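This document opens with one chain alone, in structure tokens, the form predicted on its own.
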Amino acid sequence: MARGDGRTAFAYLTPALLVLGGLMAYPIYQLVLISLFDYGQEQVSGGAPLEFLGLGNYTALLADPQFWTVLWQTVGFAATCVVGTLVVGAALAVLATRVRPWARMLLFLAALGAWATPAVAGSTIWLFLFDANFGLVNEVLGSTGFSWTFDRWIAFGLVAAQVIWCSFPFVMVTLYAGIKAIPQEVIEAAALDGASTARTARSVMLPLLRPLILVVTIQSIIWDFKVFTQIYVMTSGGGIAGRNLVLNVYAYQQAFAASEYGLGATIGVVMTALLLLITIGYLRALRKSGEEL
């Protein structure tokens, strides 16, 4: 792209960047500011003065073993959801290109239903389906009385399945549009050269779809890393003794249940920094592999 074209594109983007900056800069500033103080219920009500702690909240957080447990649980949970969402979404996108129009319409309507269902409603429906005594799943499996939310890892798996269910439509629709945009002549040329279906998908279609895969991967990482509603609703606030906590729910408990708003803000700052690092690292890895960004 010529330098003049780049400046023109930046000029068109400037109004949107200013709006986004205005909407995001002040909340982030306040989040960082609160994280530097001992800011609890007494300070909110005016019963005690604000005490500047500097990095005291960060030191306390990093020294807390529970934080590291929750952090690794969050990373593992988010990674599972991202991989599951990409696999399911990509598989259904390919399927949508191969079925008849009426079947494709039914598939997209079902996906739209999952995508449009509010997180609270979807989580509640899944709880009903997997209820220990009256759930349809236990009735079908003949395991009435089995609790899907008691064991830590089974509960995480159940919540991850629900997150994948409500997230795959975005991946499916995006990749389906990308597949349909690939010129048919390119695929036919690969077939004439003797490439198998798998080779065509790997060497022809995948490189053309990489920009879209990049978008859906980064979006999925951001969404799944900050999941709150599904964990909070399906595990009753983080599971027994906090066994199913993730960072967002942990921050909520610290800020609103324990009234440690400064510590809750600190967790929010750490989450934001981690997401930025993960996204930048992913982009750098793609750039090193020679992918255009």
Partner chain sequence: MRFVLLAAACSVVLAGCAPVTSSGPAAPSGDEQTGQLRVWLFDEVNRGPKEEVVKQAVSEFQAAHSGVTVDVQYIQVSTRAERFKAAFSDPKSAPDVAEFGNTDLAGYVASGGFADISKEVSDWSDSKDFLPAVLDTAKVEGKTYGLPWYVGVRALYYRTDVFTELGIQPPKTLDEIAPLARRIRAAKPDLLGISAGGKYTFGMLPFVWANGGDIAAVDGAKYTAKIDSAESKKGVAKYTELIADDICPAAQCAANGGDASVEAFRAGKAAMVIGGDFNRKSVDASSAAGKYAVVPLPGNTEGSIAPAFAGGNLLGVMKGTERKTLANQFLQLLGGKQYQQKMFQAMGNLPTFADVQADVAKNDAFEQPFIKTLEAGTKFVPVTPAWAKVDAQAVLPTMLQQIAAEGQDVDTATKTAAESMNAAFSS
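Positions refer to the first chain, counted from 1. If you superpose the two forms and keep the largest set of C-alpha atoms that fall within 1.5 Å, you have the rigid core. Since we're looking at a predicted model, the values are computed, not measured.
Beyond the structure shown, there is the form predicted in complex with the partner chain, which is absent from this document and is the topic of what follows.
Asker: Just to confirm the contact call: exactly one of 55-63, 264-272, 246-254, 221-229 touches the partner chain in the model of the complex at a 4.5 Å heavy atom cutoff, so which is it?
Answerer: Result of the contact check: 246-254.
Asker: Report yes if all three of Phe150, Ser236 and Gly239 come within 4.5 Å of the partner chain in the model of the complex by some heavy atom, otherwise no.
Answerer: Yes, all three are in contact.
Asker: In the model of the complex, is there a heavy atom of the partner chain that lies within 4.5 Å of any heavy atom of Phe67, even though the partner is absent here?
Answerer: It does not: once the partner chain is placed as it appears in the model of the complex, Phe67 has no heavy atom within 4.5 Å of it.
Asker: Within 4.5 Å, heavy atoms only: does Asn133 come near the partner chain in the model of the complex?
Answerer: Flag for Asn133 set to yes.
Asker: Is Tyr12 a contact residue for the partner chain in the model of the complex, using a 4.5 Å heavy atom cut-off?
Answerer: Outside the cut-off, so no.
Asker: Is there a non-hydrogen atom of Leu277 within 4.5 angstroms of a non-hydrogen atom of the partner chain in the model of the complex?
Answerer: Taking the distances in the model of the complex, the answer for Leu277 is no, it never comes within 4.5 Å of the partner chain.
Asker: Pull the contact list for 25-39: residues with a heavy atom within 4.5 Å of the partner chain in the model of the complex, in sequence order.
Answerer: Read in sequence order, the residues that approach the partner chain (within 4.5 Å, in the model of the complex) are Tyr26, Tyr29, Gln30, Leu33, Ile34, Phe37, Tyr39.
Asker: Would you say Leu274 moves between the shown form and the other one, meaning its CA shifts by 2 Å or more once the core is fitted?
Answerer: False for Leu274: its C-alpha shift is below 2 Å.
Asker: So with the core overlaid, does the Cα of Leu23 end up 2 Å or more away between the shown form and the other one?
Answerer: Shift of 2 Å or more: no.
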